[in-house]
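Just the one chain here, laid out as structure tokens, in the form predicted alone.
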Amino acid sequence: MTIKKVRKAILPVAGLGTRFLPATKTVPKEMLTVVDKPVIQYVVDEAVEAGIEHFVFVTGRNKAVIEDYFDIQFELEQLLRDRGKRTELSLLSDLRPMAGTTSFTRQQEPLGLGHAVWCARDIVGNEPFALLLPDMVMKHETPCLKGMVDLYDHAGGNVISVEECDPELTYKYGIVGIGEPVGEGFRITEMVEKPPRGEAPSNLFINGRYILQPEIFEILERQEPGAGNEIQLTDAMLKLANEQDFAAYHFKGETYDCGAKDGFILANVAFALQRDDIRPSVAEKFKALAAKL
């Protein structure tokens, strides 16, 4: 069986970000900065390191700034050029996707993650694709999606990233059952969305990274609304699992939920401490603040 390369990635960025109001009244939550880069840039960087060639952003109203961010800003670049700011010019150039490698499509109504994925169907076409939830920022020597692509190249089918949570908190997440080992992961025996306390098949939860086959689009096309009266991706994956294999990549790095205030703050701390240019000054201040707790 030929395993098709994963070339495209869907990034659903239509959410309103109400947990960060009033900031997100005018600034999309994906454009809030962790140190000095927008959250969305960290996710795109992860995808680039995994070999993704084309990015499909599923947007909504008031998200045009995301499209502008991934474009050339002629006035800014000319100003930097005139002032001899070559380092800054090079940074902007390195971060800018090549022409023709980004697509933007609208999710006119907030009908759920499954619906957002379905909105990208014509751009993705009949090939496997990655799905990255932009709120989730990952930190590890091996980027999460890179590890998933390596597993996919070995196993084919569909791949979901999972990581450990406190067994007492499994009722908050989508949990997977652990099957036979495959490559650097394992076969998934079941997927349970927010299992009752004490009934979870493991403590490994789905953490916002997926590689899915295009047949998911046809399932989503017919999918009835589920929890919250939304089109749920998990419901569609459960149906696809009746026909295709699902494997799990066990991510062992750090994940920061930047859609929540505590996760966003922790991400800023973690990435600031990783930076040689600011770590010496901020580390002592973090210690001083912690000592006051």
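By rigid core we mean the largest C-alpha set that fits within 1.5 Å across both forms. Every value quoted in this text rests on a predicted model; they were computed, and no experiment measured them. All residue numbers are counted from 1 along the displayed sequence.
Below, we refer to the form predicted in complex with a small molecule, which is not included among the displayed structures.
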Problem - Candidate stretches 79-87, 149-157, 200-208, 215-223, one within 4.5 Å of the small molecule in the predicted complex by heavy atom - result: 200-208
Practice task
Could you check which residue among 186, 129, 173, 118 gets a heavy atom within 4.5 Å of the small molecule in the predicted complex?
Solution key: 173
Problem - in the predicted complex, residue 234 touching the small molecule (heavy atom, 4.5 Å) - result: yes
Practice task
Report yes if any heavy atom of residue 190 sits within 4.5 Å of a heavy atom of the small molecule in the predicted complex; otherwise report no.
Solution key: no
Handout entry: Exercise: residue 139 in contact with the small molecule in the predicted complex, heavy atom 4.5 Å
Key = no
Practice task
Look up in the predicted complex whether residue 124 has a non-hydrogen atom within 4.5 angstroms of the small molecule, and give yes or no.
Solution key: no
Practice task
Tell me whether 113, 133 and 194, taken together, all sit within 4.5 Å of the small molecule in the predicted complex, counting heavy atoms only.
Solution key: yes
Practice task
Please check if residue 83 moves between this form and the one not shown, taking a CA shift of 2 Å or more relative to the superposed core as movement.
Solution key: no
Exercise for the section: Align on the rigid core first; then say whether the Cα of residue 207 has moved by at least 2 Å between this form and the one not shown. Expected result: no
Exercise for the section: For residue 169, state whether the C-alpha moves by 2 Å or more between this form and the one not shown after rigid core superposition. Expected result: yes
